[in-house]
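Here we start with a single chain on its own, the form predicted on its own, put down as structure tokens.
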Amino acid sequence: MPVLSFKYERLNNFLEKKLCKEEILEIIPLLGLNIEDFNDEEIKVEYSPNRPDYGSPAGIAKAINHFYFNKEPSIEVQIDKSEYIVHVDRRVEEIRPYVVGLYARLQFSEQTLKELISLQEDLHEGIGRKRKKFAIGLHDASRIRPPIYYTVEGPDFKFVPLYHNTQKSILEILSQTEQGKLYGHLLAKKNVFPILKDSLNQVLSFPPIINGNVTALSEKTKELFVDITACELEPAEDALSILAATLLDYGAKIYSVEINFYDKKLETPNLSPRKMLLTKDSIRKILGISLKTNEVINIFKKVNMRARAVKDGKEIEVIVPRHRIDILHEVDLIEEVGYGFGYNKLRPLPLKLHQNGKPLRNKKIFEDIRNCLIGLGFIEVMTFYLANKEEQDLFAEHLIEVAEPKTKEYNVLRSAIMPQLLKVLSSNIHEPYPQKVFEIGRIFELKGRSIIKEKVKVAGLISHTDTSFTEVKSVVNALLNYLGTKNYTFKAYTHPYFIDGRCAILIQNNRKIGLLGEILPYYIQKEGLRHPVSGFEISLEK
């Protein structure tokens, strides 16, 4: 979750009336923001990535002005057309086909500059998915000579990247600069690369990697050009509307930019509000409060939206500002009603059905297993459901793989718990021996081609110099006897995870319900362990 730090005085610069520290601390949570930390001068606020309009002190102040000072909603924005035109080369179609932009006049300060760059990075990390969905360029427009060309260049093309003094080729930027190493994968396997240039061939940006140094911002900047490049048009327009709203909060004058694609023209930013409908009955069902139509209309004013009754008062039409990209459904509007009404004012409804609760039967069994193993000297641990494919391959014919995993360490849903427990032991090699750990948890199996079945198992590992099959078998016997389990037997078994001749399966009513034995030295040494390990894993489904 992104965190924004600002001084109380900075917030007060944008408020209709000044608030003291105590008032600010009281009202911030009512807006749906979390206070991370605060002192006498400064506050740290955590906001949802779905509310990037809260990514600046000016944005939070705007919400307070509507919520606390009853400022009239500011939804419709009239913007004039600028002289800026962007011509889009058809060759970018296969790389990053869309670009949008705006021009603004704004008196920058050092603080404003820091806050805008912070918002830019929060947008990149959040709804921009680390620049995969879109990339934002902020430029000092006084150094730009329009029109602007969104085109492509080869790997040897050179320009001076942001905060550098000498020219570098595109390949050098990708391989040598920090930004190139972080985001170069977004342009992998490309022979040409997207470039934004003006009529003087000055490079504004090499998206989504880095800007050109010629248009670097400073506290002396008075004219701003914003470009956003993307693989899809809608996310780019969403991000631009958020930046436009933020610039307006800072007091900027905004102008539109003409985008000439090879097959169409656009005027950006698009700040047209949306219309949505909801009913008072839906509000009552979800929030449990009955409100009159005029009360609902006044509540929407507090969250910077306009509303009016339609269809003879049966429905309410709400005008939603363009930058509120989090409003997608009637339920989202009802959430806003909750904020405007005050969630702190809601009262819980009495239960209509009075019954005494009791634990689920399987929870009782889990507790018995837990008590038994703790009594036998085991320590309970909890490991991840995600695991490494190489370590899980031995326990399932078909593993459930994760699409686009962020790391090879966690790329499948686990089919066995023991390999996870072995990693726990490898993290505790300096602790005293013997070591005994267990876990009661879920594993995942693939049935057919698309059905995922969850099962609950208990697994345990023992590690010390003299651990053996006999020891782990005695633990399993003790556990099953403690649970009152009958009609079970052990049968010799061969499994690639265990030493031959020191492995068995557990059978009950002609069904295999468990596996136990001494783990092969290969897997023990692979995890850096210094002592033998024996283990068991038992299904608890039956």
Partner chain sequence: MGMNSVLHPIEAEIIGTLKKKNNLTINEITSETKLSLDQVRRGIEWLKKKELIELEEKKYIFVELDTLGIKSINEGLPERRILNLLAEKGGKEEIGKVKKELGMEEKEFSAAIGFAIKSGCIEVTKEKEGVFVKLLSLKLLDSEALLKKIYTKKQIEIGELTFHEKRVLDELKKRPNYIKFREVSEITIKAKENAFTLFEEYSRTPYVEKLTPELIISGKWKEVKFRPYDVEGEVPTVYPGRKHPVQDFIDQVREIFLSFGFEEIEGPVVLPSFWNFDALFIPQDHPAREMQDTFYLKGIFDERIEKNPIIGVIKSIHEKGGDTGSRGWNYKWSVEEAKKTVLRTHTTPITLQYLYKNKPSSAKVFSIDKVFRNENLDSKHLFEFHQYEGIVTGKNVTLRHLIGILSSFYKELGFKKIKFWPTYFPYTEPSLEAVAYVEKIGKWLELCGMGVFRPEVVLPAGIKNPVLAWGGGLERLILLAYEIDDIRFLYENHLSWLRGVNYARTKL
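Residue numbers count along the first chain shown, from 1. Note that this is a predicted model, so its numbers are computed, not measured. So that the term is clear: the rigid core is the largest set of C-alpha atoms that superpose within 1.5 Å between two forms.
Omitted from view is the form predicted together with its partner chain, to which the following refers.
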In the predicted complex, segment of 143-151, 401-409, 87-95, 258-266 with a heavy atom within 4.5 Å of its partner chain:
401-409
Report yes if any heavy atom of Arg370 sits within 4.5 Å of a heavy atom of its partner chain in the predicted complex; otherwise report no.
yes
Quick check on Ile452: any heavy atom within 4.5 Å of its partner chain in the predicted complex?
yes
Glu335 near its partner chain in the predicted complex, any heavy atom under 4.5 Å?
yes
Can you tell me whether Lys168 touches its partner chain? I mean in the predicted complex, with a 4.5 angstroms heavy atom cut-off.
no
Looking in the predicted complex, is its partner chain within 4.5 Å of a heavy atom from each of Leu351, Pro432 and Val437?
yes
Which of these residues, Thr383, Gln202, Thr112, Ser415, gets a heavy atom within 4.5 Å of its partner chain in the predicted complex?
Thr383
Which listed residue (Arg442, Lys222, Lys314, His164) meets the criterion of a heavy atom within 4.5 Å of its partner chain in the predicted complex?
Arg442
From first to last in sequence, which residues of 307-336 have any non-hydrogen atom within 4.5 angstroms of its partner chain in the predicted complex?
Arg324, Ile325, Ile327, Leu328, His329, Val331, Asp332, Glu335
Is the C-alpha displacement of Pro73 equal to or greater than 2 Å between the shown form and the other one once the rigid core has been superposed?
no
Yes/no, Pro434 Cα shift of 2 Å or more between the shown form and the other one with rigid core fixed:
yes
